[in-house]
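Okay, here we've got a single chain as structure tokens, the form predicted on its own, with questions on binding and movement later.
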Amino acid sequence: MTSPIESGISTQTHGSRGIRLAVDAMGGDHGPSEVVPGALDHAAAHPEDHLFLVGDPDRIRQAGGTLPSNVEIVPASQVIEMHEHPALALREKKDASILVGCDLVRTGKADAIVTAGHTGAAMAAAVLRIGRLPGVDRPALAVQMVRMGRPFVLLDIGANPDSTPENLAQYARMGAIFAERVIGITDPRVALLSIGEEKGKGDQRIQRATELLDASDLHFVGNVEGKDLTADTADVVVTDAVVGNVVIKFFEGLSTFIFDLWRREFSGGIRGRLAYLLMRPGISRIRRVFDYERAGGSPLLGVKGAVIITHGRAKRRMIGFACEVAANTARTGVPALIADALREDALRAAAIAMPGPDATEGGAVG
């Protein structure tokens, strides 16, 4: 198995400070059989990091064998299954692996957590146990989207279906920090996803969010349309959870559809097989561009720790990438940077709202 570092992960390495990383070993469709080997790949590639595998000790040992010195097991007797209602399950299963893992972050024993488990339960556990950063109204779920060259950050993709203009502006701030510190994009360009490029396009929420972003110190480039997402027009694209989730699922479905068409064509007789032999190097390069596993997972931005939620169907390789993203998010201090930026935004807004020294109670100048 090639480690994420050897495979050329899409995030950058930021120093060698050791990170304490909690991994929900029981989450996802495959549970410990894929999560544990993926986490161990990260532990082998990053001996300076310390991993906590949270879950059933017997199943973890069965999947991982003899654990290295920088990996330990934290027992958890329960699992929140994919079909369960998140709020109800969190109330009934106090010893669920995702809750135990979030408690490690809350108490400072871990700097970050990775889970492939129930997305709703993971978000709720992170907010309830770890808590929101000061000034954050609603955390946002972000994702690195593939395109030619470096990826871009899309958020929100699943946390808040009814975001306000203020929420969208806050997502932009958090997404820009993640893009700069984890992906390595200097002065990231921020855009709103809308139905037209002109600033007057979009509903009232988009128009108000445009005003807020225009007044900010972010590198705001205006609106982008769906057709612009694969072009190099913005590094951070902001939308609400409904649109964001539709976008990522369409990307995944379309890429699968395209590769299925190619597979059908190349398997159709001797000419197709010969064409595949000639085109194989180019196809491999294209597959690498569409390799969504390399993104690792989605950071939940706006909570007091690095929380990475990856695909429920994630296997060993993607888990390794998710651990890498979580470690880099914590290593570069993204949660603290978001808190500092929002504090500065609040001070700036208060200064703008404060009346000038010559203003009288009635608003006239004497």
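For clarity, every value in this text was computed on a predicted model and none was experimentally measured. All residue numbers are counted from 1 along the displayed sequence.
Below, we turn to the form predicted in complex with a further copy of the same chain, even though it does not appear here.
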4.5 Å heavy atom contact, residue 206 and a further copy of the same chain in the predicted bound form: yes
Partner contact for residue 265 in the predicted bound form: a further copy of the same chain, 4.5 angstroms, heavy atom: yes
Distance check, residue 217 to a further copy of the same chain in the predicted bound form, heavy atom within 4.5 Å: no
Exercise: residue 230 in contact with a further copy of the same chain in the predicted bound form, heavy atom 4.5 Å: yes
Proximity to a further copy of the same chain in the predicted bound form (heavy atom, within 4.5 Å), stretch among 271-279, 178-186, 107-115, 165-173: 271-279
In the predicted bound form, the one of 128, 73, 243, 221 near a further copy of the same chain [non-hydrogen atom within 4.5 angstroms]: 243
Residue among 132, 93, 199, 147 with a heavy atom within 4.5 Å of a further copy of the same chain in the predicted bound form: 147
Those residues of 251-273 which, in the predicted bound form, come within 4.5 Å of a further copy of the same chain by heavy atom: 251, 253, 254, 255, 257, 258, 259, 261, 262, 264, 265, 266, 271, 272
